[in-house]
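First comes one chain, alone, set out as structure tokens in the form predicted on its own.
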């Protein structure tokens, strides 16, 4: 399975709620119809600061060396799932799913994803493929859950293999035992080019400024963990219960 994430910054003329309405509503109505797509998940950053949700003490204990203004570089990200890389590259083509006078017809707007990228986003999405490690499969009831994402950066002196092994090994094993956990997934960004044949050659993301903007974002992290709970209160209880073995691990080199 190919998993592609695309981080986006909203167009400055849109408020947070307007961006969310446009992305969840109009844009996603085309994205979910991409050819060969197996799964489509949209994540929109909460407009409630995490320090308000979790409390200052817990946020400070969980966060170290946070890049300046990191959260202002993005407002959301989409997750696309395909069987193969070839299916992904062929996704942006007209879809034969439009009911018309002559029966089921081709809809060219699917290939254009609604043709709203310039109005919805502030530049081309930061799109990349990830290797997914499922520590605990996400079990989602038919209601909204609390999702927290933690970004991690590999120390320069630590080999990539060890960085991944530490995070998906002892740490993930302990984290997966947290009471109330609905799911834990760890993603590691790969260098696979999933932009060149997916976006138009003249897209902003391929200009010198667009490339620099994307590489600056990539330079700040190497992996991200997705924690799913029923509520933020459940997460806080799980992370502050005694004894808290995860805190010890978080002080190690990884």
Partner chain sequence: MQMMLEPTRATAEGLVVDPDWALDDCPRIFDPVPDRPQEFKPCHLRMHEHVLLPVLRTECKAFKLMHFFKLKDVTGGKQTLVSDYASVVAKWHECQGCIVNFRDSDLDAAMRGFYPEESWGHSPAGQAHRTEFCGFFDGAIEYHFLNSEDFLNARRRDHEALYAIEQRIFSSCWYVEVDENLVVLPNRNPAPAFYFR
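Numbering follows the first chain given and starts at 1. In this text the structure is predicted, and so the values were computed from the model without any measurement.
Although not depicted, the form predicted in complex with the partner chain is the subject of the following passage.
Visitor: Residue-level contact is defined here as any heavy atom of the residue lying within 4.5 Å of the partner chain in the predicted bound form; does residue 14 satisfy this criterion?
Guide: Residue 14: yes, in contact with the partner chain in the predicted bound form.
Visitor: Would residue 140 count as touching the partner chain in the predicted bound form under a 4.5 Å heavy atom rule?
Guide: Taking the distances in the predicted bound form, the answer for residue 140 is yes, it comes within 4.5 Å of the partner chain.
Visitor: Determine whether any heavy atom of residue 26 comes within 4.5 Å of a heavy atom of the partner chain in the predicted bound form, and answer yes or no.
Guide: Answer yes; at least one heavy atom of residue 26 falls within 4.5 Å of the partner chain in the predicted bound form.
Visitor: Give a yes or no for residue 100: in the predicted bound form, does one of its heavy atoms lie within 4.5 Å of a heavy atom belonging to the partner chain?
Guide: Yes, contact at 4.5 Å.
Visitor: State the residue from 47, 63, 219, 207 whose non-hydrogen atoms include one within 4.5 Å of the partner chain in the predicted bound form.
Guide: By the 4.5 Å heavy-atom cutoff, the listed residue in contact is 47.
Visitor: Tell me, please, which stretch of 171 to 179, 68 to 76, 84 to 92, 142 to 150 lies within 4.5 angstroms of the partner chain in the predicted bound form when heavy atoms are compared?
Guide: Flagged stretch: 142 to 150.
Visitor: Would you give me the residues of 1 to 23 that have any heavy atom within 4.5 Å of the partner chain in the predicted bound form, in order from first to last?
Guide: If the 4.5 Å heavy-atom criterion is applied to the partner chain in the predicted bound form, 1 to 23 yields 13, 14, 17, 18, 20, 21, 22.
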